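Given as structure tokens, the chain that follows is alone and in the form predicted alone.
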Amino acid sequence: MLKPNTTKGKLIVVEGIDGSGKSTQIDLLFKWLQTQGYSVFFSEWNSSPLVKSTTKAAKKEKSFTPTTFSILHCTDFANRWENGIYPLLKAGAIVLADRYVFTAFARDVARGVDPEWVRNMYSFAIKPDAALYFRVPLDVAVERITAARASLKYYEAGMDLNLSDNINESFKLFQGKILDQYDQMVDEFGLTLIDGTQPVKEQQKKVRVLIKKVLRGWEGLPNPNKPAGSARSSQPAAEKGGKS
């Protein structure tokens, strides 16, 4: 379904349900790759300015259907792909993505959208060189999120699906559906499982071992910001934005 990576660059993505700890791990990986002198860039899910106002307005009015939500997220991804991710890969850089197409495959299907239809929408994307799936038990993830936030958002909690009138319970049920989809994709897309309940440092050690193998023998894009006589460093092209 996804195209092979024929570019000079390397695409590394992290996936997992909310509260899995993936964002912490990709941030640590980003900083480590910088110290190793690689030209490394970062892209975040649902962060394109192209559809930001539309997304904000639709969420406020609670007017999204599962299908329109899916299409808008694909539009966001396509814009970031065309103007950021793919050109950087063609240039020979490392692109780190905090969520990739697998997020759509998990969330949209959990909302009842046809799996094949969603996969076909993203058929222009390439298969990552490494797709790290940080898996945590549902109860652990829910506890992390509810402890860290004063309140949950309507779509984040899957309230549009009428799973429960209680937002916390709806969130748990929705995340459970997403978790099931991720588990099914492990074999389908070759996701690399990482135990998200282990200490942060232990997870990062495993991540670096895996990424070292991916980058072994690979030179990549020369870094124009490399200071003379020191390790290479790179400036991130961050695509920061909101999450759904």
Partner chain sequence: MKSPNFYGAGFPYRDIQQLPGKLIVLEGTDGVGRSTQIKLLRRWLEDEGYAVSDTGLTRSTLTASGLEAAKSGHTLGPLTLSLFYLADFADRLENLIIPALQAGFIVLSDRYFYSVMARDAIRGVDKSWSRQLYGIALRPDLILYMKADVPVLAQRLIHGRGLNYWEAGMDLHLADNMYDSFLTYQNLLTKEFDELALTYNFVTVDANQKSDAIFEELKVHILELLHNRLTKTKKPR
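Numbering follows the first chain given and starts at 1. Bear in mind that the values here come from a model prediction, so they are computed numbers and not experimental data.
Only in words, not in the display: the form predicted together with its partner chain, which the text now covers.
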202-210, 28-36, 62-70, 172-180: which one contacts its partner chain in the model of the complex at 4.5 Å, heavy atom to heavy atom? 62-70
Looking at 162, 151, 166, 120, which is the one with a non-hydrogen atom within 4.5 Å of its partner chain in the model of the complex? 120
From the list 88, 145, 113, 136, which entry has a heavy atom within 4.5 Å of its partner chain in the model of the complex? 113
Proximity of residue 78 to its partner chain in the model of the complex, heavy atoms at 4.5 Å: yes
Applying a 4.5 Å heavy atom distance criterion, does residue 74 contact its partner chain in the model of the complex? yes
Wondering, does residue 54 line up within 4.5 Å of its partner chain in the model of the complex on heavy atoms? yes
Consider residue 214 of the chain shown here, and say whether it contacts its partner chain in the model of the complex, taking contact as heavy atoms within 4.5 Å. no
